[in-house]
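First comes one chain, alone, set out as structure tokens in the form predicted alone.
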């Protein structure tokens, strides 16, 4: 059965989800050399094509980021569209949710929805892989991403062999589930020095929005 991937990041090809997909497929291709269809939900002009791709797919993985405890709007819209499809064959569907939050607990609530959603589609739920602390991996040196990338490669290899997620690798990626006391102290120090906001401030400056970061446009 052939694998089909949907990337639900609003950033499209220039996203952290894309990086994780690449690492996953590095491991996947060690076992399975079939071409994997990768579809970007952010490309609105291809909406009809995506529906047909989903309808005809056998095994589906959907990658997307968590934005302030919610899935992106384009992903929710995609789910509503495919729910209306008349699916005439069984599918296996799995999800990989990543976020900038260090703790993975934030994504466990959307996991419940994904499980219910798949059941309502009358498809087989392969589970949800959750990974926090992903924001910024594009600018991290290789020494900081080596373990993360290695685990995603192993996840992909296992999936190619078993058409399922490795429970052991899922458990490793889930850590830290909650922020421990040491991390809280570290984050407090970083926030006081300004280091905690370095990445976000650099993006604000790049988009000429740094001076507007405390604006409240909806407050009268």
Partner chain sequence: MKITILNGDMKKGESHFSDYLNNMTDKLRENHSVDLFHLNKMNLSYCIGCWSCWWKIPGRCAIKDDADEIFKSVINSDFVIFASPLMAGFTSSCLKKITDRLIVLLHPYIELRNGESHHKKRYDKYPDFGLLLEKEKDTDDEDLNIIKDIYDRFAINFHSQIKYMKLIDYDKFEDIIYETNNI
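Here, rigid core means the biggest group of C-alpha atoms that superpose within 1.5 Å across both forms. Just so it is clear, the model here is predicted, and its values are computed rather than measured. Numbering follows the first chain given and starts at 1.
Absent from the display: the form predicted in complex with its partner chain. The rest refers to it.
Determine which one of 105-113, 90-98, 123-131, 146-154 lies within 4.5 Å of its partner chain in the predicted bound form, judging by heavy atom distances; exactly one does. Only one stretch passes the 4.5 Å heavy-atom test: 105-113.
Is there a non-hydrogen atom of residue 138 within 4.5 angstroms of a non-hydrogen atom of its partner chain in the predicted bound form? No, no contact at 4.5 Å.
Classify residue 69 as contacting or not contacting its partner chain in the predicted bound form by the rule of any non-hydrogen atom within 4.5 angstroms, answering yes or no. Heavy-atom contact with its partner chain at 4.5 Å: present for residue 69.
Using a 4.5 Å heavy atom cut-off, state whether residue 197 contacts its partner chain in the predicted bound form. Contact with its partner chain, yes.
Contact of residue 190 with its partner chain in the predicted bound form (heavy atom, 4.5 Å): No, residue 190 stays farther than 4.5 Å from its partner chain in the predicted bound form.
Across 193-209, which residues bring a heavy atom to within 4.5 Å of its partner chain in the predicted bound form? Those in contact are 197, 199, 200, 201, 203, 204, 207, 209.
Tell me, please, whether between this form and the one not shown the C-alpha of residue 19 is shifted by 2 Å or more, with the rigid core used for superposition. No; residue 19 is a residue whose C-alpha shifts by less than 2 Å between this form and the one not shown when the cores are overlaid.
Any chance the CA of residue 194 moves 2 angstroms or more between this form and the one not shown, core superposed? Yes; that C-alpha moves by at least 2 Å between this form and the one not shown.
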